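Have a look below at one chain only, the form predicted on its own, in C-alpha cells format.
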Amino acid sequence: MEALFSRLSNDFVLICVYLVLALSLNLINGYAGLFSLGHAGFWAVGAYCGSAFIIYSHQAGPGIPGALLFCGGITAAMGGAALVGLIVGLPSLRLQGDYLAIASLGFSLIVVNILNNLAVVGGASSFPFGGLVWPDGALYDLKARVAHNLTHIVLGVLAVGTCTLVIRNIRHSSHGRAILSLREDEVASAMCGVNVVKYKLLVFVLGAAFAGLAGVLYATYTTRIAPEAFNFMESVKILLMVVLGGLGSLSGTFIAVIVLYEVPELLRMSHVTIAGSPVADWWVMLYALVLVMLMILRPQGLLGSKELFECAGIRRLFGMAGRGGREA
C-alpha cells in the first residue's frame, strides 16, 4: 500500500512541477507569441538558487525552522530566476522568431555548462554534496517519506493554483489584452501605443519566476539535483506540452501535461519492446514525431487558444446534462 502511495504521489508531484513549467511557458509562447526554448534554464536556476539558500542557511543557523527556510528558498528561487530572466531578456527580446529561440536555447545550454563547473553547488555531481544536508523536518527528512510526499502534494497544488490564477487574471486584464496584441501583430500594437519591449520583458520575467518556483519544488521533493536534469530535451518536452495543449489555452496545457507525462510512464511499466529495446528508450524519437505530426495535422494544438469549457462539444454535453437534471 505504501509503495502504491509512493508511486502515485511521485507522479502527482512531478505532474504539478511540469504544470507550473508549461503554464509559465504558455504565458511566454502562447499569450505573448514569443518563441522561447530556454525554459529549462530558468527551472535550473530556481532549483539551484532555492536549494543553495535552504542548505547553506541551515548550515549557518541549524536552529532556523524548516518552514521558514523553505519560504526563503521559494523567494530565492523565484527572485533568482526572475533576475536572470531580466538580464537575459533585456538584450534578447529585441529579437523575434527563430532568433529569439536560438538565443534562449543558448542561454539554457550556458546555464547547464556553468552548473557543471560551479564547485559551490557540486559541479557535475549532485547537489547537496559532502557534509551539506537538508534541514530536519517533513519537507526534507527521507525517513518520513509519507509526510514528505503529502507535504509536496499540498505544495504542488498550491503552486499550480497560484500560477493558474495569476496567468488567468493577467489574461483578463488590460495588461493581458496588450500582451495578446503582441501575438497578433506586434507592429500594429506599437502603433496603438503598446510598449512592446515592456510587455515582452514582463511576460519573460514572470514566466522565469514561475519556472524558478517549479525548480525549488522539484529540488526539495527529489532532494538531489544534477545539471543533467535540465538538459535540452527537458526544454523540448515542456515546449511540446504547451504546443500540444494549445498556445494560449490553460486547460489544454493541463490535458497535455498529464498525457505527455503519464504515457511514457505507462509504456515503461508495460515492458513493450521495439526491435528488442524497451519502448521507453524510443520515447525521445517519439517526442519529435509527435511534434512533427502535430505541426502538420493540428498546428493550433488540441484546444487552440480556447479553454475546455469554451468548446462547442463540451458546452453541448454540459447543456444536455443540465437539461436532463432539470427534467429529472
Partner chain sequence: MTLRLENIEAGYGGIAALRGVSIEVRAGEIVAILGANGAGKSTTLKVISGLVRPSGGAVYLEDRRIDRLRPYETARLGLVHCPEGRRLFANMTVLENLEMGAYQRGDKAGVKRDIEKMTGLFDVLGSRRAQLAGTLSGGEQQMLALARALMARPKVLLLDEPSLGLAPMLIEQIFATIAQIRREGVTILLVEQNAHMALEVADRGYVLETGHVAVTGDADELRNHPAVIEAYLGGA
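Numbering follows the first chain given and starts at 1. Since we're looking at a predicted model, the values are computed, not measured.
Keep in mind the form predicted together with its partner chain is missing from the figure; the text below concerns it.
Answer range among 191-199, 118-126, 84-92, 231-239 for contact with its partner chain, defined in the model of the complex as heavy atoms within 4.5 Å = In the other structure, the partner sits against 191-199.
Check whether residue 177 has any heavy atom within 4.5 Å of a heavy atom of its partner chain in the model of the complex, and answer yes or no.
-> Flag for residue 177 set to yes.
Distance check, residue 185 to its partner chain in the model of the complex, heavy atom within 4.5 Å = The answer is yes: residue 185 has a heavy atom within 4.5 Å of its partner chain.
Partner contact for residue 181 in the model of the complex: its partner chain, 4.5 angstroms, heavy atom | Yes, contact at 4.5 Å.
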